[in-house]
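Take a look at this single chain, the form predicted on its own, given in structure tokens.
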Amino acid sequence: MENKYDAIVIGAGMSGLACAIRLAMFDKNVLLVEKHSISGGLNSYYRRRNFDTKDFRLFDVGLHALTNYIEKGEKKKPFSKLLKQLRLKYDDFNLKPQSHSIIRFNNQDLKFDNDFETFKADIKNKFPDHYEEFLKLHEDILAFDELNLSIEYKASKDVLRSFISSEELVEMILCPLLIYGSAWENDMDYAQFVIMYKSIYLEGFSRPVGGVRTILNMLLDKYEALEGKLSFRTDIKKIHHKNGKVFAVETKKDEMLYADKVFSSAGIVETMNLCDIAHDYPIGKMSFMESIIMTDRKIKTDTFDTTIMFYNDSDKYSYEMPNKLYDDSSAVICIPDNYEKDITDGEGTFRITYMANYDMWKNLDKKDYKAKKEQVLNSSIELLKKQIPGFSELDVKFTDVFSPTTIKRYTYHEGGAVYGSEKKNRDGKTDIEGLYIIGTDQGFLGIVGAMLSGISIGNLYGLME
């Protein structure tokens, strides 16, 4: 039969690429289909033109930080497992570790870097009466099997409060983990909390030189070397199933692609909608918008060397879809230049991320949309002036702002939901035999987590069965 494959993988994001590579490594006839013209999904890049100077800039989407940092040669860590499973070389990632990051609540700061002792010491210094409580929580985290695919869901705040009696410390510990991975409002599943805690606080942040394109090009080259098939601009209209089993996907060009196994990174809501069956998966509420600001020169690291700041203007963190266009009471401020402390020349880059309301943004007319984006940009610049010493002395040369509707347009996630549905499929299974969920809605988080999701589910159902 023409167009018959061992497996079809929907979506050429991190999880889809990793899944397709893993299957192709074992001589599976794999087709990877992508709706967009480039790979990456939620972690991609785009180009913008400066109409004053007529030049272009390439911007990363999503990648503030690559979590799960390891030094070369470290074993038995998620990143080392990724390298082994995909037969990739550590050096090819060309990683630059963070200087350090700050969680800033009102007038209280907590500092962490890629050495967990820094975080422990700062908690001991800032919250001395709660340090022993924190250590007991840490012991529980180390003993928890977050990769068990059959674990029942439970709220992280309930667990943290059972150990730590300081509500502010609970909120500060949760803040980076929520905004970098939670589909829930104001909380997250404890298994996902443990995944994020280990990946951020125990292992830490880094960034490849060249940004997300370094990772994507590496994965694409690997897949091409394995002679895997990849089809861009291929929009799936329907996933076909009969007697409870998947057998094909149909494109919007009415082409039938046949396979007994389909691995979808499109999101659980989107995947079930393609199956044309009733389901109870809710559309995620958490969406974001980001301002990217380029300046005539970089911030001097002897003035400000923080890589990422998790800013919040009070001692309580409101992680929820705002009831207005965007919420500037909290933000993630990322300074990518501070991954590379030895580089001082050239333009500076600042990225400011706010929580935002997709429904409100999608209902703006063109004129209001442009005006509100300008408002967000001005808010971001004012925040930088207040939080980054020396920023006001820099000249802004180039800016761009993307909104939740931009996310929906290029990732096709309903509601612009960056972290998918609140309801995950940990074991990757759906009610349709042969149809599996990989990526965000399977439950592994971050770029490394997304790739491990594609690998794990691919191994489990594409190679072992």
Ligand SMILES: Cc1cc2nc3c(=O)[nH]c(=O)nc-3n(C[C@H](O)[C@H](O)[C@H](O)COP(=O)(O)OP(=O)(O)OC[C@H]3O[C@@H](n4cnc5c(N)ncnc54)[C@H](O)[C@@H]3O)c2cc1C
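Residue numbers here begin at 1 and follow the sequence given. Predicted model only: the values in this text are computed from it and were never measured.
Same protein, other form: the form predicted together with the named molecule, not shown, and the subject of what follows.
**Q** Just to confirm the contact call: exactly one of 421-429, 22-30, 392-400, 408-416 touches the named molecule in the predicted bound form at a 4.5 Å heavy atom cutoff, so which is it?
**A** Going by heavy atoms within 4.5 Å, the stretch is 408-416.
**Q** Three residues, I173, P176 and M355; all within 4.5 Å of the named molecule in the predicted bound form via heavy atoms?
**A** Answer is no for this spot.
**Q** Any of the heavy atoms of A65 lying within 4.5 Å of the named molecule in the predicted bound form?
**A** Taking the distances in the predicted bound form, the answer for A65 is yes, it comes within 4.5 Å of the named molecule.
**Q** Are any of the heavy atoms in L274 no more than 4.5 Å from a heavy atom of the named molecule in the predicted bound form?
**A** Within the cut-off, so yes.
**Q** Quick one: does T234 come within 4.5 Å of the named molecule in the predicted bound form, counting heavy atoms only?
**A** Contact check for T234: yes, within 4.5 Å of the named molecule in the predicted bound form.
**Q** Please determine whether A266 contacts the named molecule in the predicted bound form, using a 4.5 Å cut-off between heavy atoms.
**A** Yes, contact at 4.5 Å.
**Q** Within 2-26, which residues have a heavy atom closer than or equal to 4.5 Å from the named molecule in the predicted bound form?
**A** Contacting residues: I10, G11, A12, G13, M14, S15, G16.
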